[in-house]
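Shown below, as structure tokens, is a lone chain in the form predicted alone; questions about how it binds or moves come after it.
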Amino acid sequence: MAKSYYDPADLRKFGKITEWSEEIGTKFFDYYGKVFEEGALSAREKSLIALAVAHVVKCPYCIDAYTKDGLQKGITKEEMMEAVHAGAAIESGATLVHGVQMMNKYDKLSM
């Protein structure tokens, strides 16, 4: 099989984005770190949300990172898959609800 466009080793290079834009990169990582601190939601809950979103936005780096993070936080494979299904349901529902726009346009144009 051919090498994937996404190299898992690149995930370890994520922190290097500050090299080309130190101020903005640092602000991003400060924000990112703050978001994943314990708050109204636990770090465990945030990890599950991140895993579901990672699948919706189809980021292989994020999927790897939050699968590993979830395992470290004691999240089970069943919980992970349920989170992925929740993300998929929202994504497909969001796609389908836009069908109403198509239906409205069709009705308007076919009069």
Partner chain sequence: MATKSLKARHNELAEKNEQLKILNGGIFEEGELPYFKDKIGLTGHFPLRPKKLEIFQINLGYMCNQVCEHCHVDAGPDRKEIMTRETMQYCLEVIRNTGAHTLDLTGGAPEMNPDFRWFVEEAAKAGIQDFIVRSNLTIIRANKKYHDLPEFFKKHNVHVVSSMPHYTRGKTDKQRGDGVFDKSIKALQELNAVGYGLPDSNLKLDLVYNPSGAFLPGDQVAMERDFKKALKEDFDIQFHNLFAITNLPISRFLDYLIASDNYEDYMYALVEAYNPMAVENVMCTNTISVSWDGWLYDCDFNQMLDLKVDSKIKHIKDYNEDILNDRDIIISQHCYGCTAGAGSSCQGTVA
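Nothing here was measured: the structure is a model prediction, and the numbers come from that model. Positions refer to the first chain, counted from 1.
FYI, the form predicted in complex with its partner chain isn't displayed, but the following is about it.
J.: Out of Leu71, Cys59, Ile49, Ala86, which one falls within 4.5 Å of its partner chain in the predicted bound form, going by heavy atoms?
T.: None of the others qualify; the residue that does is Leu71.
J.: Is there a heavy atom of Glu38 lying 4.5 Å or less from a heavy atom of its partner chain in the predicted bound form?
T.: Heavy-atom contact with its partner chain at 4.5 Å: present for Glu38.
J.: Considering non-hydrogen atoms and a 4.5 Å limit, does its partner chain approach Lys27 in the predicted bound form?
T.: Close contact is absent here: in the predicted bound form, Lys27 is far from its partner chain, nothing within 4.5 Å, heavy atoms only.
J.: Could you tell me if Arg12 has a non-hydrogen atom within 4.5 Å of its partner chain in the predicted bound form?
T.: Answer yes; at least one heavy atom of Arg12 falls within 4.5 Å of its partner chain in the predicted bound form.
J.: Determine whether any heavy atom of Ala65 comes within 4.5 Å of a heavy atom of its partner chain in the predicted bound form, and answer yes or no.
T.: Ala65: no contact with its partner chain in the predicted bound form.
J.: From first to last in sequence, which residues of 21 to 46 have any non-hydrogen atom within 4.5 angstroms of its partner chain in the predicted bound form?
T.: Heavy-atom contacts within 4.5 Å come from Glu38, Ser42, Arg44.
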